[in-house]
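A single chain, nothing else alongside it, follows as structure tokens in the form predicted on its own.
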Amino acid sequence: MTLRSQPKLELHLHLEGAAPPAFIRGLAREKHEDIGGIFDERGHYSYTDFWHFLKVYEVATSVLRSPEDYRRLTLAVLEESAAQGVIYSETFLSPDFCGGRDLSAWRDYLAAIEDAAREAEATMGITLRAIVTPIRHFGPEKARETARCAAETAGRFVTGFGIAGDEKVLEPKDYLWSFDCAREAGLGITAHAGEWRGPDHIRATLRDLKPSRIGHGVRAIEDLALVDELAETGTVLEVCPGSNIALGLYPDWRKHPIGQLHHRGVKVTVSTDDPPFFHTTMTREWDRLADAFDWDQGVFDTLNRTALDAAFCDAETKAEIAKKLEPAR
């Protein structure tokens, strides 16, 4: 069995960021819009740094304007994931992009996405759950509106709440109301931290937002006391090595801290973040990690079990996914 064919779980995937470039170009042509400036000569997304990446991301997202667009997007993304052996995925969804945080419009977008998810599960064998995510640099007031959308639609499909965007904007405590709202609605809590800011930001995020998972979190390695704390508390890191390397946080795979974090007992998982932007797939992530750290099948089984334990889904869904993992153990 190859790494490509082995079942995989992914906890950190931005739906719009996973849109195949060809899909976005095709949608732009249908709408008679010229967004060619966000692609290179090979048709890949083109950006210079993380902040330019955010702008390119928003331009690409701008052609997604209707529930039907998102239904088609979801099918396209899940087809790509399933082809890499992914059997369970959690994706970040932002009401900012899906109806402008209007609850009625959000419900329409969500219904279309969930419809596509059901179709993909039936035809491709991949299960999808949603983490509602305010955009940090849009500010705390808009985050409150997003949290209300999340709380009103929490259930079997919408199972988590997080925050993404420019990590250098404001502080975790500025979003406390939104996270309290989501937590009261029974949603699992995660938060991007420790990507563009260091250990102190991770500590503040843990203290103020109380997530069970941290998106990225790799800069914890700069403070070994924090690393030990993460290991002791069982906080799960949603690590996206290919993304970190593509954006210049680390020069190559061998120097990425996921190996040290795993060695020191931190619960790590592996995801692709925004795969076409970073020229990666879940298979590529596993391949590069196997090469860089000599990880064997046992390590990848551990990654899957960690992801399953940390997943924001109900016990019945976890039991179904566990059965799919049994042949890989």
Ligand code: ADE
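Residue indices: 1-based, along the sequence shown. Predicted model, so just to flag it, every value in this text is computed and none were measured.
Only in words, not in the display: the form predicted together with adenine (ADE), which the text now covers.
Only one of the listed residues (243, 146, 205, 91) places a non-hydrogen atom within 4.5 angstroms of adenine (ADE) in the predicted complex, and that residue is 243.
Between the options 195, 114, 80, 96, the residue in contact with adenine (ADE) in the predicted complex by a heavy atom within 4.5 angstroms is 195.
Contact check for residue 47: every heavy atom lies farther than 4.5 Å from adenine (ADE) in the predicted complex. Adenine (ADE) is not shown here, and in the predicted complex it never comes within 4.5 Å of any heavy atom of residue 199. Taking the partner from elsewhere, residue 285 is found to have every heavy atom lying beyond 4.5 Å of adenine (ADE) in the predicted complex. The shortest heavy atom separation between residue 57 and adenine (ADE) in the predicted complex is within 4.5 Å. The stretch from 289-297, 39-47, 272-280, 63-71 that comes within 4.5 Å of adenine (ADE) in the predicted complex, counting heavy atoms only, is 272-280. For the marked spot (150, 213 and 312), a heavy atom within 4.5 Å of adenine (ADE) in the predicted complex is absent from each of the three residues. In the predicted complex, 164, 165 are the residues of 156-178 with at least one heavy atom within 4.5 Å of adenine (ADE), listed from first to last.
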